[in-house]
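One chain follows as structure tokens, the form predicted on its own.
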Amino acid sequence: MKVEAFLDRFFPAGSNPLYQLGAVSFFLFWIIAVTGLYLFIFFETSITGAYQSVESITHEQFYIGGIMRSLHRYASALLALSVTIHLIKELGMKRFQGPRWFSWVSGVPLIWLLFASSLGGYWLVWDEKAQYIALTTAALFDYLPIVVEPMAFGFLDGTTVSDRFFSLLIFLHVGLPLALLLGMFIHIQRISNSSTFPARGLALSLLGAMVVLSVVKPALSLGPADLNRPVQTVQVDWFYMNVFPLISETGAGAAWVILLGITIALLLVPLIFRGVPKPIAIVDPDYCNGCSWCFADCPYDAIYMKPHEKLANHLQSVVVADKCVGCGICAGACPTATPFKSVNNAYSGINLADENNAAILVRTQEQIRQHPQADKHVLVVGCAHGPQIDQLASDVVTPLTLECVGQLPPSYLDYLCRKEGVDSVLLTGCAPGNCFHRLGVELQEARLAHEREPHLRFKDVHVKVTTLWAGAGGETTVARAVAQLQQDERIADAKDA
């Protein structure tokens, strides 16, 4: 959180790379794919030609081939970094609990595919580093009982490695990334409106920085591999070769125990740290009008539409229980939640099981009515994963904490400002692009801007609404904003109007 807050100083809103690690990873993958395709055109798949073809690409085509090779190399390193940080962040934020277990568990095998794909690229260069990787990898797999003939026999000398070996390497270096890409799309299978491309400014900045680095410090090969001569010294690439010194020091057996132990531990994380089950959304057919807005807004593909149980020629929302994370965004999207109805004024077609929209409205009204004479009453609406706002409660400030800020129907703001004397509203929550429930901030912003249904109805209420997406730990910033709203002359002008 502190690193994210620090980077927010240098990146425009929504462009912080730590908020878009998944999209950045996809972007880097496509860079690797495009540059890899170019390199493949000029690569010679033979024991004698592999090294020379790479050298030719690097030096004779330095103006394009060398840059392509370096881009391929640096994008691969950055991909390993982004995936690692993505894993650490999801673990720290506990985004593996409940229905989110699928994305977590499906992501673990991708780490193996990522490393296998990248290490295969080192083999193709066939320099001293490739020789070291080949021999160490062979020793690692020779330890497994499923290997009948030791792989290391194939690398005893140059006469036992043929051109067909490089054809196999090319096949693996193409096939493994394709399997990785398929796994990446499976990884986001339970996520709707997923982002696979980062903000344009961030994407261009990353690409530009890697191009500059490729020119200033191009990727170069070591000396050619010579299987008749042992490698004395090799520079370790800590992005992908971090396990190789471990294999050399502890042996293949201990390395397998550590690697498989880490993998199994990661797979068991959702089972070990289950957390408290969140109440899921439930549909009330008596009030569901089949508008499909909840279906369109659900960040986790947990809603689908079916023929209505009670209304002919209408649709009805259905919640898939094992996909619903209980964010409440669907409840905020329901147009039947408006309190301006003449009967059953706050009941709506979809709600969270623990507290429906009607109860939230009543709870908020009771808090506001405790201080009927408050001057410039401020309603602060926040989420459970952003700044903690409960300590702001006073005679003139009413805090309302929801599971996600996207859970709030905009009609409630219209009603509370017009009927309950609220003079100003501050919406706060997760930082832009870093919503705990993925789309809550984005959707609520779109509703307030009349870009998405449902939206605010009254212009005078729109003037009273301020947004401050301060993110977790932004309590001081929110408190300062509330104090400023107390003195904002626009509030008095809107109230008089």
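Keep in mind that this is a model prediction, so the values were computed, not measured. Start at 1 and count along the sequence shown; that's the residue number.
One more form of this protein, predicted in complex with protoporphyrin IX containing FE, exists but is not displayed; see below.
Within 4.5 Å of protoporphyrin IX containing FE in the predicted complex, a heavy atom is found for every one of E90, M184 and S194. The chain is drawn here without protoporphyrin IX containing FE; in the predicted complex, the stretch among 357 to 365, 93 to 101, 209 to 217, 246 to 254 whose residues come within 4.5 Å of it by any heavy atom is 93 to 101. Contact annotation for I188: at least one heavy atom lies within 4.5 Å of protoporphyrin IX containing FE in the predicted complex. Contact check for F42: no non-hydrogen atom falls within 4.5 Å of protoporphyrin IX containing FE in the predicted complex. Residue contact with protoporphyrin IX containing FE in the predicted complex: G474 places no heavy atom within 4.5 Å of it. At the 4.5 Å threshold, heavy atoms of Y38 stay clear of protoporphyrin IX containing FE in the predicted complex, well away from it. Put simply, of C324, V83, L413, L379 only one has a heavy atom within 4.5 Å of protoporphyrin IX containing FE in the predicted complex, and it is V83. Note on contacts: among G107, G120, P387, P409, the single residue with a heavy atom within 4.5 Å of protoporphyrin IX containing FE in the predicted complex is G107. If you take 10 to 30 and check each residue for a heavy atom within 4.5 Å of protoporphyrin IX containing FE in the predicted complex, you get G22, A23, S25, F26, in sequence order.
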